[in-house]
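Presented as structure tokens, the chain that follows is alone, the form predicted on its own.
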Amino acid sequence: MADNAGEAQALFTITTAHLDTGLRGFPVGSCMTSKVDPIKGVSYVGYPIAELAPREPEEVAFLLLNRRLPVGDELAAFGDDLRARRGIPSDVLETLKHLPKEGHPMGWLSAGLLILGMRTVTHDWVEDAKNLIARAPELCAAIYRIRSGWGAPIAPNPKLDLIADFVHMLGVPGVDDDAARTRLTALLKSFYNLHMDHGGGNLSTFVGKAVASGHADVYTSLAAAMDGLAGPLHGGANEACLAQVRTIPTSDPAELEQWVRDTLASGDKVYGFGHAVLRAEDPRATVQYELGEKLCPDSKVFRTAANLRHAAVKVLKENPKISNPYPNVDAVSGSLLEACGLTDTTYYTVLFGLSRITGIAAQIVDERTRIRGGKGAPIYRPKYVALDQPDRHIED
């Protein structure tokens, strides 16, 4: 803690060169749910993400909400509690049918959260957070089915756990046998755990907590957070990675290396490599590469992404200006989703949002009910420095 405090203190010497840099690196608050170490990567409440990835999502959600893993019957009780909270009012689902089909699914998710909040908000931070975690899968599945024209929303199955029920409610065309559903469920459980939280300062989390600091309810705050997540520089990155992988004409390692060289020489980027904080391979990517070898090793799109992992790193390492040549979480996630049957890439950020809703909701609960001895964090009010604005008067 002393080292962190010293680091924070050192960063408080601010010059004009620090302005208009997106607050990058400036400490503005505390986070009790997760952290990002440049070498070790993401951890939740001290547990490495690789250890949590294969756990049940309800267990990881419990961890973020309570800052400890469940013991004894607590996991079963928490799962039962979430099941009891499921169910979206029918008029909310009916309202979704009137949203413009040409709108991006993230716009639908933001609108859906606002509409759901209007109907179900309790104005209790903890209750609303748990309700939203329980109901978000049904909302996201309904968006997928209604917007894509796959048919009416599918009702929740109370016998299934959180993500198995989500797969059931998605009803993905082509994923209609037990083996395909099992494969997609395994992928989405891992995907959910890996994307749930990422420190306190990423854009979507920061936006959600900032809106909540004005005492807007959890639904409104998460809608704003999803608007922050929607951009291609944040939640939409895996879509861009997959789009590039689809254009690569080969999965041969030697040919991929030459493709990387040619791509960089042309001035283009190789998407999915590098990270603002990490200086080693993102452990979330490592988990996904290993999962892909189990779930879809013969998929062409996965094979290309998996072999690109080594070819791109080899070439990028040759540039001394590149501080992190390693793959991040987006490098392979889109390829895995497509290989397991989810081919609508515009929906991928919604899957990211479904997971991140849990982490942001947990952080909002902390900021509103636990920080500063339970008083909660004050309303966010950063200072902007007025530059080049001399005093002026209108002359007659």
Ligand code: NMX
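Keep in mind that what you see is a predicted model, and the values were worked out from it rather than measured. Residue numbers here begin at 1 and follow the sequence given. Superpose the two forms; the largest set of C-alphas matching within 1.5 Å is the rigid core.
Beyond what is shown, the protein has a form predicted together with this ligand; the following relates to that form.
> Is the gap between Ala276 and this ligand in the model of the complex 4.5 Å or less for some heavy atom pair?
Result yes; Ala276 sits at the interface with this ligand in the model of the complex.
> May I ask you to check whether Ala237 falls inside a 4.5 Å heavy atom distance of this ligand in the model of the complex?
Yes.
> Taking the shortest heavy atom distance, is Asp124 within 4.5 Å of this ligand in the model of the complex?
Result no; Asp124 lies far from this ligand in the model of the complex.
> Please tell me whether any heavy atom belonging to Lys321 falls inside 4.5 Å of a heavy atom of this ligand, as the geometry stands in the model of the complex.
Contact check for Lys321: yes, within 4.5 Å of this ligand in the model of the complex.
> Would you mind picking out the stretch of 325 to 333, 47 to 55, 339 to 347, 25 to 33 that comes within 4.5 angstroms of this ligand in the model of the complex, counting non-hydrogen atoms?
So the stretch in question is 325 to 333.
> Considering Tyr271, Trp108, Tyr192, Trp259, which brings a non-hydrogen atom within 4.5 Å of this ligand in the model of the complex?
Only one option qualifies, and that one is Tyr271.
> Quick check on this chain: which one of Pro232, Pro249, Pro100, Pro173 has a heavy atom within 4.5 Å of this ligand in the model of the complex?
Of the candidates Pro232, Pro249, Pro100, Pro173, Pro232 is the one lying within 4.5 Å of this ligand in the model of the complex.
> Judged by heavy atom distances of 4.5 Å or less, which residues of 338 to 355 approach this ligand in the model of the complex?
Contacts from 338 to 355: just Phe352.
> So that I can tell if Thr95 moves, could you say whether its C-alpha shifts by at least 2 Å between this form and the one not shown after the core superposition?
No; Thr95 is a residue whose C-alpha shifts by less than 2 Å between this form and the one not shown when the cores are overlaid.
> Using a rigid core alignment, state whether the CA of Met169 is displaced by 2 Å or more between this form and the one not shown.
No, Met169 moves less than 2 Å.
> Relative to the superposed rigid core, does the CA atom of Ala216 travel 2 Å or more between this form and the one not shown?
No.
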